[in-house]
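This document starts with one chain, in the form predicted alone, laid out as structure tokens.
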Amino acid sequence: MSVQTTAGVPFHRLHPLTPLLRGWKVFAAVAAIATQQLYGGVSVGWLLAGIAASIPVAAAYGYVSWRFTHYLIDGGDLRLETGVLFRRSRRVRLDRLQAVDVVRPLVARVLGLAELRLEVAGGDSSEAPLAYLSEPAAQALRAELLARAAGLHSDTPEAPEAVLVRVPLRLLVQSQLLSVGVMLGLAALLVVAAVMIVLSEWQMLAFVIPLALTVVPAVITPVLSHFDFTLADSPDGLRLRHGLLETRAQTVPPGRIQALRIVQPLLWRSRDWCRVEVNVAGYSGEEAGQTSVLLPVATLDDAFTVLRRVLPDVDVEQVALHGVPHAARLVDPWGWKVEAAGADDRVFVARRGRFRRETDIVPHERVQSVRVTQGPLQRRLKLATMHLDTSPGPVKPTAAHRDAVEARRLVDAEVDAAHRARGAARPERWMHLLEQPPHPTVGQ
């Protein structure tokens, strides 16, 4: 829907059902606050009157907010106009576009709507969330933004894709149950519930309910979030789709993955399972946490298949890793034998964890800074820990408890390798065709 023009370019409004969704949020917040006041001595009649009065207020807020929100694509920028009393005009440079995600919360899905979230280099949050558009409009606008960001014609269709990994529901549920914390929590819950039932000590519900509210979400929340998880490869990057109540379609563009971590919990290793986490440039805050999982669970073979797409021509398994000195046992008596680190001309790799095995992989050109730290005991033992800093995310690469002289030598070597790698790196752009063709589907 066009509403006005700037230099002949029309502005557009969001979907007409947007006021309903925005107003619903206000109504839900008021209802939640009113419910809490039931314990504060306020009569039910006054609470119901307050909730009823919030309905027209919520409707008016939703309509006015929608009425004064416009957007348009003006050359190489996305313009967004918002605000009633205080007008705000934002310009998002498409050449700094890092990611474009299509998010569909449950209520929006029922109404056939979707939210478009844009992540821009240097931003602290989603720069210009467009909530809400119809699902076809959101997909079409996303394709146009990606095409313009790549310097292509705005009518360029979305690039084709090839599925790399699809995580079955059975595997996802099993992986959550095979967690030491979850298994201990479930065992404690069953024991307490059994004692309560056998002894008819119903006052123990005060322990059972909080325990259940802790353990059950630990299993259900990841399953809901990663339901029907699909990872596909395309010329514009890796595409991730997942979610049951809230679905998310995310594209991780080429070269924006700054670091990777392969995680193998204790009970997963016998089944050859792992999880792959990543730091992605452009995401920050809450979005960084929601978009940091590249694979919630997969076999090691599937994980290395994806790794070869992220880092072409890199064979992580062939990188020589070197352990830590015998003195490290005094600092880390459980895990010192597993600690190892090494590098080749493309990546730095660090491994740690006897029970929860973690392997960090960082391309040299993605390293932002390198530093060495020493604790009091490390100084006495002539040990040091090397840290590699990348963009925000769960992966914080470290090579712990190295010989102090070796750690400083590793720092010098990494600085030199990072300098050479950045000098040889090609410019990054959306829709940059990879040299290798997409792999066929695996992990089904």
Partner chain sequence: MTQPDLEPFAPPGAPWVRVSPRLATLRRLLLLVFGLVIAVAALVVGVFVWWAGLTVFLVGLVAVGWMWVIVGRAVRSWGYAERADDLLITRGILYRQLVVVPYGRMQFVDVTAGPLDRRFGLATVQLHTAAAATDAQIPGLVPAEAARLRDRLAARGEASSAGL
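Residue numbers count along the first chain shown, from 1. These numbers come from a predicted model, not from an experiment.
Not on display, but discussed next: the form predicted together with the partner chain.
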**Prompt:** Would the partner chain be touched by all three of 365, 371 and 376 in the model of the complex, meaning a heavy atom each within 4.5 Å?
**Reply:** yes
**Prompt:** For residue 258, is any heavy atom within 4.5 Å of the partner chain in the model of the complex, or not?
**Reply:** yes
**Prompt:** Even though the partner chain is not shown here, does residue 281 get within 4.5 Å of it in the model of the complex, heavy atoms only?
**Reply:** yes
**Prompt:** Is residue 392 close enough to the partner chain in the model of the complex to count, meaning some heavy atom within 4.5 Å?
**Reply:** yes
**Message:** Check residue 25 for me: does it contact the partner chain in the model of the complex (non-hydrogen atoms, 4.5 angstroms)?
**Reply:** no
**Prompt:** So which of 405, 60, 29, 49 reaches within 4.5 angstroms of the partner chain in the model of the complex, heavy atom to heavy atom?
**Reply:** 405
**Contact residue in the model of the complex, chosen from 359, 251, 98, 175 - any heavy atom within 4.5 Å of the partner chain** = 98
